[in-house]
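Quick setup: one chain, the form predicted alone, written in structure tokens, and binding and motion questions come after.
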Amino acid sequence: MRFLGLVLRRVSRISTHIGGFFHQVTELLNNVLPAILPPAELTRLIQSYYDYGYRGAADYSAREVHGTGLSTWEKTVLTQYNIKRGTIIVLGAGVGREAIEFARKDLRVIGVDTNREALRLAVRTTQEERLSALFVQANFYQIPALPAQADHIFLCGIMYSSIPGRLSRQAWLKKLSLHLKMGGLAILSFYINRTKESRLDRHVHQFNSWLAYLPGGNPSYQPGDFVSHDHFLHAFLDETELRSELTDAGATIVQLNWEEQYVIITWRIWQ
């Protein structure tokens, strides 16, 4: 039996090494996708990712999926900017974790998401708790709201980084400004890569930059673009990159918290 145990351990180690190798190959191939797929196709990948993740969500209870409610930084923002009343549009609302909490605080909530299953759970929760919130099935690229009606706009998760391409993100920001009242705030969460860039990462970026400018490539590719588990994200490399992207789009940065990965912006002059 001891011999069998040694054999099994050896086989297990070999399997782990093989599995690790193929995982690395998969990640490498995925990270080439942003250089060859157009932004529309990358967006469709994200949609498929959430459609799969939210399958059957309507059958779960709110407690199972909402967790502990708002995160620490979200609570801090509400307190710091005295967000106690008015209309807030929650983009990428999903099952309603943030939207439900905002409604509990007596804010007028409009939640937007593309996934019907997720929204069904959000609606059921508001009905059970008799909260005032409207949920709309729509893409947050096209916000279904009247111009200049929102006091605040909240983009859930790290979804700002899910918009492929700097120019696309800037165009979206300009559209976003049209839905805010004068002096309104937009609260966006973004993604940063906390791991140190390796030599392989640099080679991949160089290769991708070459691929992107070939016929049929994606010229909007940037270093920091990657795909993981069919989800596109842009990892901002530093604060300077993010600040320039926002200000060049006409936004005024009220607060940027790099470590907590959120930024609060407004527009002094409307687009």
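Since the model is a prediction, treat every value here as computed from it, not as a measurement. From 1 onward, residues are counted along the sequence shown.
As for the form predicted together with a small molecule, it is not shown, yet the points below apply to it.
*Asks:* For the chain seen here without its partner, which of 133-141, 81-89, 191-199, 174-182 has a heavy atom within 4.5 Å of the small molecule in the predicted bound form?
*Replies:* After filtering at 4.5 Å, what remains is 133-141.
*Asks:* Using a 4.5 Å cut on heavy atoms, which of F232, Y54, Y221, F236 is close to the small molecule in the predicted bound form?
*Replies:* Contact residue from the list: Y54.
*Asks:* Note which of C156, A150, L107, V77 lies within 4.5 Å of the small molecule in the predicted bound form, where distance is taken over heavy atoms; exactly one does.
*Replies:* It is C156.
*Asks:* Counting only non-hydrogen atoms and a 4.5 angstroms cut-off, does P164 reach the small molecule in the predicted bound form?
*Replies:* So P164 does not count as contacting the small molecule.
*Asks:* Give a yes/no on whether T114 approaches the small molecule to within 4.5 Å in the predicted bound form, heavy atoms considered.
*Replies:* Output for T114 is yes: heavy atoms within 4.5 Å of the small molecule.
*Asks:* With the cut-off set at 4.5 Å between non-hydrogen atoms, does I46 touch the small molecule in the predicted bound form?
*Replies:* Yes, I46 lies within 4.5 Å of the small molecule in the predicted bound form.
*Asks:* How about A93 - does it come within 4.5 Å of the small molecule in the predicted bound form, if we only consider non-hydrogen atoms?
*Replies:* A93: yes, in contact with the small molecule in the predicted bound form.
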